[in-house]
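In what follows, one protein chain appears twice in different forms, each by itself as structure tokens: structure 1 and structure 2.
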Structure 1
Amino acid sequence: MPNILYAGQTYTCEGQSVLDCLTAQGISIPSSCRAGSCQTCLMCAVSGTLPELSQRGLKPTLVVQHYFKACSCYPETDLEVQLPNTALGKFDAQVVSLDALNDEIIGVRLRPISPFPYQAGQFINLYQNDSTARCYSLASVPSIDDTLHLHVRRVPNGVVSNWIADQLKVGDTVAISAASGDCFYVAGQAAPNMLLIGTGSGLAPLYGIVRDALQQGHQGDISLYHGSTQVSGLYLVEALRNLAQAHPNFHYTPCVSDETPPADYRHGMVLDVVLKDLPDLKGYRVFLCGNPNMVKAAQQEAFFAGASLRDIFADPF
């Protein structure tokens, strides 16, 4: 069985991931999704051979420095590992504002202390402390906004979201990771139509992507559908309607499934409404964010409706 050497101690890894092996020993390793998506559990291999899966999706600059995702690393040989240097990939940011967007979601604005490159729709990790972090998508657009915008849903018993809601204050300094993810707008000559579907705080990256595309002069139709069980679960409704009035190629549709909404909302599950309106998605670029079950179902339905797999971008959370 392979051994894991960490902080001068050796641990036997019995069919476990590096993350599970170390946390089972009571070692605090930052983690969040445990599915290889958020990169919160990023570690560095000092020696040994890393499985290909553990580095899949990482930037080439991280791969050549032997960084890997601990939750996806099932070692086949002995490994010596360490946490990244605390200064590597982390940035300090000041809390600029905390505003309620609806009863569950808080809008958090952060101003990085140093230059912070990102794409609208990517995500960052927000650290409560060295061993506790959660990933949040960026609703801001670099060419429009001078701060980073997060939409944080308060989760019952959620460690980080309740810390943000109850303890974080304007003026506080927090640590964030570099931006990651490939769910963002890329301008192209073809200028295809775009479909964006989100639920809950899944609106955050979509709001950034829409504004980024419009800012860059996207010519194709851009259709955004945002779903919730109740009207109170939606937010930024007026801002999105104003955006649609200002841009004829942008169409916004709020959807409510569990109550009869006002006349200017659509009734039904958001995916059902989309498929009724847009049964043919050939040539569309599709962005899906929010509830994992919705995202998974929408990936399949978008493909069956004609969208190419390479043009379907998903960010479930």
Structure 2
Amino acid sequence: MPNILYAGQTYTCEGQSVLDCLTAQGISIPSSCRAGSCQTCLMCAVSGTLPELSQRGLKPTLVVQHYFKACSCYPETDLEVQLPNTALGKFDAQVVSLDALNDEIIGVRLRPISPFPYQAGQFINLYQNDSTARCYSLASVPSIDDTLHLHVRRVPNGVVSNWIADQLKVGDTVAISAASGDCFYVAGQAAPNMLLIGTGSGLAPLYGIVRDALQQGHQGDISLYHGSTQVSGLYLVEALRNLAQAHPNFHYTPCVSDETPPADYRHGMVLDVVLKDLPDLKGYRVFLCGNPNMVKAAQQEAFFAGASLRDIFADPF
């Protein structure tokens, strides 16, 4: 009889789903359809083998992180499970460098002191102290970069971003959370075209995902659009132009909305420029990050333009 380990307790699962087993013990697990469709009862396996049925229909990024539907999971062997995003441990990391990427965005490089598994495009929490932390996306790629790269925008009156900008020094040790998030490149799907849209420091995860995809030999087109109100709000422009020169299937389009930019930039809101260039997004994998209004509008427009919702990945920050 397989056992389920949850929150330090062991429960015997007798021909039941994980959901039924845990709720029968009075444990509250969110659920709705209880038939494998709605994904309200998503849980995450820490160890053990998940039956195929329990992951059917999930986004590939959730599958590789061992997420499963508790209502459809009839375990055949012991399983250790948790609710998503609980029990994320803390790691110590050393500040390796702090560099201005433009007037308001600082590139922070951190070297974790212990092994730190992550996917390019996921995010971490950076702790100022035990009770104050902010989320930052990872712009680095595990197989390319030996440090973690963050793009920190100095937010007016922002507690953590101003602490990073004004007080953090090379050599300091900071605490970070484990990486999480399902906005990343999944290997083994080299064919589909990819569209990535970011504003401001929302470029960070996209820069990681693009380089990860290229490193893994992605065959389809990869189109990155980065938007800002001013030319001065963009960054990594030269690095991205060079990357596009080196990879014929990578296309980089910097967009500026509020001033008339030089000829090698596009003028307009980033989403408008995208829809003009790529009116048909059927079959595309779409990654969105940055201003929440842009992300929300882009999610809907990409869906209307033919992208499947399963293939749209969004981080609204």
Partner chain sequence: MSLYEEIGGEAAVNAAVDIFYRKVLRDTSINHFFADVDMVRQAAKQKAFLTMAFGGPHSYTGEDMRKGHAHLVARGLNDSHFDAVMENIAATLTELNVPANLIAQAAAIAESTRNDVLGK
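FYI, numbering is relative to structure 1, first residue = 1. Worth saying up front: this structure is predicted, and the values here are computed from it rather than measured. Between two forms, the rigid core is the largest collection of C-alphas that superpose within 1.5 Å.
Comparing the two isolated chains, structure 2 is the one taken from the form predicted in complex with its partner chain; structure 1 is not. After superposition on the rigid core, the Cα of residue 200 moves by less than 2 Å between structure 1 and structure 2. Residue 308 shows a C-alpha shift below 2 Å between structure 1 and structure 2 [criterion: core-superposed Cα displacement of 2 Å]. Relative to the superposed core, residue 110 undergoes a Cα shift smaller than 2 Å between structure 1 and structure 2. A C-alpha shift of 32.2 Å is found for residue 13 between structure 1 and structure 2, based on superposition of the rigid core.
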